[in-house]
Structure formats: C-alpha cells, structure tokens
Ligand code: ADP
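Listed next as structure tokens is one chain, alone, in the form predicted on its own.
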C-alpha cells in the first residue's frame, strides 16, 4: 500500500509566530518538509534565497500566476507571496508531508484547492502582545507595524473557517500543541493508506491491487445539480462516499488518481489527488472529455441526474401558488463520452430484476464492468457508510463483492478489477 503525505497550513496575522511553529514541525518529524514560497518582497536580516523564500521580481511572479503555477498566492502589505502547486502535490504523492506558513487568505485558497489540507490558526494572547512582537523583530517601520495590526482584525474574523486554533502564548506550549495536531491528523484513516494490519485479514480479496501501480485512473464521483433558479436545484441523495472510497482504493494500490466531483458531502481526496469540481451533468461531461484523454481506466461512480429543468429562471423564484416545472433529459455521459479506456460503471437498482437492468446498462454504455447493488436494502446505496454487491464483467462473468465499509468494498472492487486487467 502507498504512503500518504499530510498538508498542514499554519496561518495567522503577521507576527503571530507561525513560521517558528512551522519550522518546529519540520525539525520534529523527519517526513515533514517546509514549503519555500515565492515572494516579491526583499529578504529580511539573515533570510536566504531558496531556503527561507524564493525572492523573485514582480514580472517573474506575474508570469508564474499566468501559467497557473501557484496553489495559492496573495498580495500582503504590498508584496506578493505564492506556493507552487506542482511541488506540493509531488511531495505529497511521494509520501512526504508539507508544512506551509502563509497568510490567512492564502490558507483559505489552499483549502479550496486541497480540501484535505489541515488549517491551523495561530494567534498571540492579545493585540498588545502582537504589537510587541511586530515591533520587537526590528524589520518593519512603525507605519508598517500599524498596518499589520489593523489588518489582524480582518484576519481574525476568518478564524472560523479553520480546523484548529492555537493560542501562541509561549513557544513551549505551542510546540506541544502543534505536534499533537500533526500526530492526530496522521492517525486519521483518511490521511493514511489501508493499514497493513487490516490487509492480512483479507489477503485473497486484495491480491489484484498491485496491477494498478503507476496506472492513471480517473474517478468521477458525487451527484449533479440542475438549477431551477439561482437558488434551487434538482439533485439526488448521493453523498459521494463511494466515489471517494474508489479514489482511496486506487491510490492505496499505487495508481495516479484524478477526481472529478459534483457537489457532495464527501469530496476531500488526499492532497496529492487533483480535484476537479463540477455542478451540472453538462459540466461533468466537459470535465470528463478533457481529463479522460490521458487515463488508463475510468471509474464512473457519479450519480448523474437524468433530468434538468428546460428553463432556468434568473434570481430567486418568489413563493406563490405553485408553478409547472418542465424537464428534459440530461446527456448520458458514458454514451456521449465514448471513453478511450476501459470503464467501470455503477448501477444502483431497486427490485428483484436489478441484475438484468444493470447488464442492460453495461452493454449500452460499453463498460468493461459494472458494480451493481440494491438501493432498497438497508446498509447499501446512497447515504450509507457500508455497501456490498456484485461486480459483473462484459464477458458475462461476475464476482460477489463482500460487505463492509465503502472503503473496504472499493478496495475489493479494485482488487477484482486488477486481476482481470
């Protein structure tokens, strides 16, 4: 199973002590590395280019922005700062953890781009202490210190968007606190591959996983939304958990995974996985057409809505006596896509003839295999933490997928597919 890297973002007002805590993590945990940001500001004191920051010109920075080089970038107190997205994802994919020490707005940009990022907000005990620290470092003019203190109130207003808060009253206590956060996050199952201790209980189930090492797998997940107006929409109950579990399964097997996701509760793949967010069926089809070209395998776990309003009303419809909603079919994504690689489709069915309907869908869509499960049995289907079903192949053969958590079921599916491919 592959190792997982953790992306930790430490942010807070200038002078809060975030850089000191970031460096403490890197010095304490061998797998953690400090991200060296690009900046247009001049070096301070003993700062070294390539070690503390990459000091570049405004023109160079603008060029990197234009080429989508940055995971996040922002202008802070007249200077620009940015983090290389490619470097972060490559480091995480190799199993290393990345520690970022950036401004508050930059941290929120990172969270949008990498939902699995862990955000820690650092703040001194009170504004007076923050002022003393800013003045004490002797690198800023009185006017700059005043501007930084004024900006701090706006930054603190964003604290609620973070995962953790740390009152940085002393280096000793804050160091212990940041270590605790790091250790706890590393222990989360979402932050690690399927434990080897658990693999040994189901050795036969996972025997085909090694076939995926180095393969490029595209996973499409979650529901789609079709707007009625700018507020209301038609959708379904898909939580996205099965799709996210398939992402984790192929990642555990050593594949290079990309995720396309509709709006759902479970859209937080590991930080090394590029995430493409979409909303409508048409947007999902457009994203698939662009991303599938380089894929070796497509997992179509998305619950795409079959219908959409024929007319989308602007603004918000006012409450009244009711109205008629005329619907039209959405495109059948797999039929429209004509994927250049093998496809695993999913078929959630109700009633005793669910297998026959799943086979019909598989033939229509040209899938390599289909996972079929019942939506009318407790513990299966949408909004459930568990699943089980049958994996049917285009040649007519099939295999039962044992029940368990959706992540376990996803690993079993990936293993069975690996044995065939």
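Positions refer to the first chain, counted from 1. Given the structure is predicted, the values throughout are model-derived calculations rather than measurements.
Omitted from view is the form predicted together with the named molecule, to which the following refers.
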property	result
is_contact(residue 169, the named molecule) in the predicted complex, heavy atom dist at most 4.5 Å	yes
The named molecule contact in the predicted complex: residue 16, any heavy atom under 4.5 Å	yes
Exercise: residue 137 in contact with the named molecule in the predicted complex, heavy atom 4.5 Å	yes
Close approach of residue 252 to the named molecule in the predicted complex, 4.5 Å, heavy atom	no
Heavy atom within 4.5 Å of the named molecule in the predicted complex - residue from 89, 186, 133, 215	133
Stretch from 335-343, 170-178, 295-303, 279-287 whose residues place a heavy atom within 4.5 Å of the named molecule in the predicted complex	170-178
Partner contacts in the predicted complex for 85-115 (non-hydrogen atom within 4.5 angstroms of the named molecule)	101
